[in-house]
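Structure 1 and structure 2, given next as structure tokens, are two forms of the same protein chain, each shown alone.
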Structure 1
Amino acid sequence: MAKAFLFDVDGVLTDSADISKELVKRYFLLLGKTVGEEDIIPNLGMGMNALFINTAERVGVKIDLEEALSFFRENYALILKEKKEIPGASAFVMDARKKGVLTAVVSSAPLWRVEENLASISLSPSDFDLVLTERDVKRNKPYPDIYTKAMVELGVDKKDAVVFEDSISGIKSGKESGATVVALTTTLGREKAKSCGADATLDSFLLFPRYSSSSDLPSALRELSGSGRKAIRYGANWIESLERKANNEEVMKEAVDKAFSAMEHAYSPYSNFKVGAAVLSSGSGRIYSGCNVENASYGATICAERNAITTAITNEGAIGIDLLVVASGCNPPAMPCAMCLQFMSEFIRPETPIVLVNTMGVVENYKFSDLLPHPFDYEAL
């Protein structure tokens, strides 16, 4: 049962996300540097300091942070007057409180900006049960700290919290806190928001499914998501995982058969070392296979594991791997190479089964984290 709504402000309650982009562009123009939205958007929702510092690093410009923040504040109110609320936002907040749902503002912006934004849509901090801003945590979004703190202070469990966000960092923060995340499509658009991990998307609060009390919210959220499937992180990607009807034994048998079948087609004229692989896609439940393809220039050789994964991506786009099988003719069965393990880390979970089989009937079972406990992943970037 959902008990609390946790709202970001810019781009969620107020149509103000573009103000940040506009003022950042104007400030860098004063320094003689043109910045594009692709330089700014990854830094939205992370707080004022990060917005300017990270953008400056991306475009290779040194800035005076205090000067930048002063420029932003001096010009913010002038542009805010031209903006409006996200359709239905203020009414949605007040209606939620009437229906017994706890509400909180959870923003990475400074308090002055939150107050000005709320005032622009005839709301105030007193219209919420809790208001948290950048001053309330040491680590801002995309870390989950601010949402976790909000749940603690409201006294709700993560499974009972619904986060409304619009930015990449905000969606990540909400997901890492364990809450259900609904993304407003104001900043990222529907597909990008879903690929970042949002459980559901919303174009306007006017389109939120009707509910009469907090006990109705689970069904409303299922209706909003369209499927009830929750996004799960696989490496760098958030994937809506399919609940499979086939049992594990059936899936395993099919994956092993496809790996051995692919092994027969391996192109290995130089080593005669044939390998086949099969991957199970979490989003579709389909199994894709691949074999090793050698090249006279050994560095151009493609391993079976990477071949299977790229085949899956060609068919589905970004995938999540729920199982990987590697088939070979050697004993013990061939292990994935280090390059393949690193490649897998982009699309896999630590607990994903890696099954190694050979033509002599030997089967070895591992988890991905057994083979590569510390991958170089997107967090390092």
Structure 2
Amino acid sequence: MAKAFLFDVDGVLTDSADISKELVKRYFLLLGKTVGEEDIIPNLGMGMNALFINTAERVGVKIDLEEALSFFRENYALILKEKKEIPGASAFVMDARKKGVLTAVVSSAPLWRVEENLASISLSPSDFDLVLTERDVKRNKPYPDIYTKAMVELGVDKKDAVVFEDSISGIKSGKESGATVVALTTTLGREKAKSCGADATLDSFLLFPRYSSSSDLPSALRELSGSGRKAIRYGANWIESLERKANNEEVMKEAVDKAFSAMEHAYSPYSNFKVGAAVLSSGSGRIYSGCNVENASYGATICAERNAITTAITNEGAIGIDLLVVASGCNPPAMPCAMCLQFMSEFIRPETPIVLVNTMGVVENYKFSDLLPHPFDYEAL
């Protein structure tokens, strides 16, 4: 099932939420009335009509809505020039598309304002799979209608939709639609956003947990909300680690036994050098083993370590390695070769223990970063 990011714009992609506050204040000042933040904030995120009407009601002033909206539009561009992008916003949107996540703008502002905001951060409506604005629904935020409509039009289920919001009414709207809501802390701050029901908060898009495809998003979101098991990054994978750890004696014994058994299965008629390896999968706690398999075309030979790792991936999909044991018959025990180290760098962490054992009972302990401190990283690509 496709996954989607649904972005509000003001206060989420551009730091323009306070333009509304600023212009409302100025408009009421023209009418001779000073309005405070507390009169405006509850009315943000519901569209321009509600912003003016509700504020006017709150401070007890009669307004001409058409005049107020014209004032807003005429002065908007001027103030927008001084405003900036929420850090990382446009890159986050473009990157999400590359990773196969659908993207939508879901704003209760008018289309002209959305277009101007996007242009100010070098984006345009065509950079999104869908753009919905105030004219697309009868009931604006805090009703869930606009988010529900976005999910229907994109063909995504609510459990696969992540809403990025900043205002009280926006968070409410997103939550009511059943999506997961990440609140940018620009408008409300962390605590207030949480108390309005946001599932997670985000100070800037630069802090969104890394993910490599839409299938990593549930873990990335759990990481963001700090709930459940903590997802840890192994190369390009986010894995929720089990408690079963390499320093547990039983786990170590099982891994060593499996590495030695695998070694017995080595196919090494050319070198007569037998190697066995075992890896502990962090997500499942299972241990997979492999032996070296040689070939008359020598370069086609596969080492025990890569054999164990590909077996783990075949069984589980994305894996993280919490322990590697390599068994051999030589003294000192055989080191993993450089090719295997580079290969495993995608699935392992610098601190992961690597234990080398041999048939004479010698045991050597390393951590991955001792053997390959500077792997060629997937992030370089």
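This structure is a prediction, so every number in the text was calculated from the model and none was measured. When a residue number appears, read it as a position in the sequence of structure 1, where counting begins at 1. Throughout, rigid core stands for the largest set of C-alpha atoms superposing within 1.5 Å between the two forms.
Pair member that is the form predicted in complex with tetrahydrodeoxyuridine (THU): That would be structure 2, which is the form predicted in complex with tetrahydrodeoxyuridine (THU).
Can we say the CA of residue 294 moves by at least 2 Å between structures 1 and 2 when the core is superposed? For residue 294, whose C-alpha is compared between structures 1 and 2 after core superposition, the shift is 2 Å or more.
Would you say residue 61 moves between structures 1 and 2, meaning its CA shifts by 2 Å or more once the core is fitted? After core superposition, the C-alpha of residue 61 moves less than 2 Å between structures 1 and 2.
So, does residue 260 move by 2 Å or more at the CA between structures 1 and 2, with the core held fixed? Passes the 2 Å threshold, so yes.
Superpose the two forms on the rigid core and tell me the Cα shift of residue 348 between structures 1 and 2 in angstrom. Residue 348 is displaced by 45.7 Å at its C-alpha.
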